[in-house]
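One chain comes next, on its own, written out as structure tokens in the form predicted on its own.
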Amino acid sequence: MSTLYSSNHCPSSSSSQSPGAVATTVSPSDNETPFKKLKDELLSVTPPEEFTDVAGFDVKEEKSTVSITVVGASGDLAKKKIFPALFALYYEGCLPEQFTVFGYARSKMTDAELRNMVSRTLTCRIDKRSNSALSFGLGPVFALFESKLFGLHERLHPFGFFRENCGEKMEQFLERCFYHSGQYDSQADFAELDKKLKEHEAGKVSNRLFYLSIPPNIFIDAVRCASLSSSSPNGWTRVIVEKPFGRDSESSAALTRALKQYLKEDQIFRIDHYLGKELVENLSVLRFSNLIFEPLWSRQFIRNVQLIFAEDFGTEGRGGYFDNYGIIRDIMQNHLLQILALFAMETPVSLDAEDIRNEKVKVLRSMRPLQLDDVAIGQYKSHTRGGVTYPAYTDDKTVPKDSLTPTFAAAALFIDNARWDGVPFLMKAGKALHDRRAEIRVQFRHVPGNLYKRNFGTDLDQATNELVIRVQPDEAIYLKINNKVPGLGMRLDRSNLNLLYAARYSKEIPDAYERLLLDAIEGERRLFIRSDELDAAWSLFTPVLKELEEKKIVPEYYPYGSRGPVGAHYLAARYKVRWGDIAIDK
């Protein structure tokens, strides 16, 4: 199936070969087959001008450089996500030609020690389709054939390989990584960092990106020091801030005010990595570019929408951090609410970042503040299964024994506007559940006067169409429909029209951090959270969070590895909803 539209930020991963180079031609033999003749002909064709321009990614004329400083470089997030994402972008040819990566942390470390630490987490992405083709010696043929027919811009190694040596790429990347040790609240240490950055920028226009991979209580100190002592003198300076963005409306507003003492709003990139996930990005494409969905996207046809997040493990050492926030702040107020806003927004004027964020803010401002009656909370307890004993949340040594922090929450939210009036948006998020998943489930209304209702018995929910967007794992989009089972009788069955990404697309899906880092470098703000959007989100959850804490509401306990507390089912039943993830999807 051909690619209809392509809008890549960057070319496919490059090799060391110069633009325009092609695989060597194969001399024809006397007994060549028609297929071999086609192969030789394709290999001998000089790529079109457009192909060489895009593949070349020639930026030698650029007089600027990008310096990326990972503040908190010795932490887990930096090691497991940020550095691997930066390498993946480099491997795919997405980073500017002139770039430098600096690690900054309090730990004493040399450049060599940083490189050794980073190298342990780097991997090279493999194109499964390319590997399959190469195993038959047909990689060069299919690559050029696709490039000619479908405009796919793949660069080829002179010997036909799609990727140059992975080890070489790692070495080249690590050579651009450096380290500077310093305190997060020391302007002098950031001034020393500034000197090192200038040495590598070598008089070019300097663009600087700071990624704050540090605890929120030291955000402001780091921003103040970076802004005053190591901002770019002649280019742009941007700062990526990780969640949590406060604990409630007041602390979030205070954080925003403090940040804006040193930065403008367009310099602040509040990252929610769920917005960078492939299926979340595809949400607006699915809705706004397919005629069959947009007319159905309203209260007239949709009965309820479910946003589900489940992890099959507990806090596992993060209990100290988690106990200060809980599952509502950690997952629902940001990840799930952001997906809800994207799902429910009106058609934006354009794909411009501000137009999209304007529509998201309208949705959030149209929502009712969450009430305690519309919330069910739980906390996992110890459970023995198959001879293995799993710990309770309070068994974590970093968690107080009398902690009432919820590890599970379900909530019913409503949007009071013309499109969604009366439609329950149900959220559910929890740890230590029976499986791991993140998905959006759209349950449509029953067919009026359904001719086949007697075939479904008294439970018409069995006949409900359902659209499922599985964000992780095993990314997929599928639509549940009713159809006749082949045979002489009239027996109906539920089947899935399934788009399984692993089966449809050969390339590995990029990590969310890759997309978001690239967007920050390019100044694309569409997937980052604006301050008024953050204010609107906190206004929905702050009242119920305060009520839970002030009244010391005891969570319902559920066994580790179960489906969660029963209260979540009572909450859904109140709105005549059945959780869609209870039934096993075939």
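Model, not experiment: these values are computed from the prediction. Heads up: residue numbers just count along the shown sequence, starting at 1.
Just so it is clear, the following notes concern the form predicted in complex with a small molecule, a form of the same protein that is not shown.
**OP:** May I ask you to choose, among 321, 444, 293, 501, the residue with a heavy atom within 4.5 Å of the small molecule in the predicted complex?
**Re:** In short, 321.
Original post:
Of the residues 115, 243, 196, 238, which one places a heavy atom within 4.5 Å of the small molecule in the predicted complex?
Top reply: That would be 243.
Original post:
Just one of 376-384, 396-404, 421-429, 214-222 has heavy atoms within 4.5 Å of the small molecule in the predicted complex; which?
Top reply: Selected stretch: 214-222.
Original post:
Would the small molecule be touched by all three of 99, 210 and 526 in the predicted complex, meaning a heavy atom each within 4.5 Å?
Top reply: Spot residues vs the small molecule: no contact at all.
Subject >> 4.5 Å heavy atom contact, residue 316 to the small molecule in the predicted complex >> reply: Close contact is absent here: in the predicted complex, residue 316 is far from the small molecule, nothing within 4.5 Å, heavy atoms only.
Original post:
Can any non-hydrogen atom of residue 77 be found within 4.5 angstroms of the small molecule in the predicted complex?
Top reply: Within the cut-off, so yes.
Original post:
With the cut-off set at 4.5 Å between non-hydrogen atoms, does residue 184 touch the small molecule in the predicted complex?
Top reply: So residue 184 counts as contacting the small molecule.
Subject >> Contact of residue 251 with the small molecule in the predicted complex (heavy atom, 4.5 Å) >> reply: No, no contact at 4.5 Å.
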